[in-house]
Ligand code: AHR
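Consider the single chain below, provided in structure tokens and representing the form predicted on its own.
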């Protein structure tokens, strides 16, 4: 097999925000995750220093917060000031202490050098409440700017990205809307938000469904900068029945179907240049939270609350997650002309890259994929092609045979002038040799893999999956291990 690279043909410039992240008030993502004031590993502001360092290493560019489903019953005013009171979180049916709110979120982003991306309450909330929140974060004058100052924060936070709602198209969401209701609410909220801060960039929940999104764009399109789409390819929210490695690889076929459909709608509406796609919740695995979204929720905590602890089982996050995650990042690079933001869901605990325990953290397999792509891949996507591509046959999600390309590759040009190529070998068992043309004579190969497809990192075995590197000649074929993700940086 041969991969040809044309460094002189630029396809797109990627935005660093495609490597963004997401935190929600669910289980241990915030409390006991990134924010844990009672832990000796936390700084004086209550943030876990080990988590901060891990997020800094992957240069976290933007964090979406506070939801997710949580936000659709959230009153931001209860999470600011000195006299905060716990409330009942109707989304996840637990007590929300409100000790982590807007000001703590802003401080987290400041510590990381990350952009703030607030997702607002469009479930039980109103357009005025959304604009009040933006007044609090962005204005110098007015009632809510004064409230922020009285809370000890003199300077505005200058939030640049603000989302109107979460998954308000879904029956599971508190305050779900019909398409005409949604279009109307987004339009009126956007009008108020833009009057508070004309420079804020607004997003709104969309679908690859034409009826929903065309209605939204017809009425609110002139106010929007983004449409937000989500995807969990392995929807195991109620079963925790994880896909096999082979099934996870089958999901890599037609990964970009939502992007293509959504982009088509933007083109049809003449909005492609104005509105970009924010893929602002994504992961292979859906979060496990059984008994929460049924018409009559479970009352026995052992059936709906206790099972959430199973998200903390590190053995679930294997090389299937790593290889799949790399394929998604490759997809974002290929669609860098329209996908300008993406947010891995979540960053910490649940299905996140980072697992916290009282004595430290575990970097799961997916963390090393972000490390690899953020720190080795380039900013400019250049043309590359393979005349022949091997395939493997698995049983597809529909039950029939499915042919899957073995390799997934993207070529980029870095700011230092070096070519960096992602080389993903999806085969569960076979090495692959690939010849490269147009890449020079030598390079460094950075690789994430492990002994077998089921390997994972845990407290006792933190480095079963890690990044290794070796220098090599690329005048000869490069050997890629099975179930591996590599980036070749050419000298």
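The structure presented is a predicted model; accordingly, all values stated were derived computationally and were not measured. Positions refer to the first chain, counted from 1.
In what follows, reference is made to the form predicted in complex with the named molecule, a form of this protein that is not presented.
A.B. asks: Could you spot which one of 394, 232, 304, 212 gets a heavy atom to within 4.5 Å of the named molecule in the predicted bound form?
C.D. replies: Among 394, 232, 304, 212, a heavy atom within 4.5 Å of the named molecule in the predicted bound form occurs only for 232.
A.B. asks: Pick from 439, 54, 69, 453: which has a non-hydrogen atom within 4.5 Å of the named molecule in the predicted bound form?
C.D. replies: None of the others qualify; the residue that does is 69.
A.B. asks: So, residue 289 and the named molecule: in the predicted bound form, are they within 4.5 Å at any heavy atom pair?
C.D. replies: Yes, residue 289 sits close enough to the named molecule in the predicted bound form that at least one of its heavy atoms falls within 4.5 Å.
A.B. asks: May I ask you to check whether residue 203 falls inside a 4.5 Å heavy atom distance of the named molecule in the predicted bound form?
C.D. replies: Because no heavy atom of residue 203 falls inside 4.5 Å of the named molecule in the predicted bound form, the answer is no.
A.B. asks: Would you check, heavy atoms only and a 4.5 Å threshold, whether residue 281 touches the named molecule in the predicted bound form?
C.D. replies: Yes.
A.B. asks: Wondering, does residue 418 line up within 4.5 Å of the named molecule in the predicted bound form on heavy atoms?
C.D. replies: Contact check for residue 418: no, nothing within 4.5 Å of the named molecule in the predicted bound form.
A.B. asks: Work out which of the listed stretches, 151-159, 319-327, 192-200, 281-289, brings a heavy atom within 4.5 angstroms of the named molecule in the predicted bound form.
C.D. replies: One stretch meets the cut-off, namely 281-289.
A.B. asks: Report whether all of 373, 449 and 470 sit within 4.5 Å of the named molecule in the predicted bound form, measuring from non-hydrogen atoms.
C.D. replies: Spot residues vs the named molecule: no contact at all.
A.B. asks: Using a 4.5 Å cut-off on heavy atoms, what residues in 75-96 are near the named molecule in the predicted bound form?
C.D. replies: Only a single residue, 92, comes within 4.5 Å of the partner.
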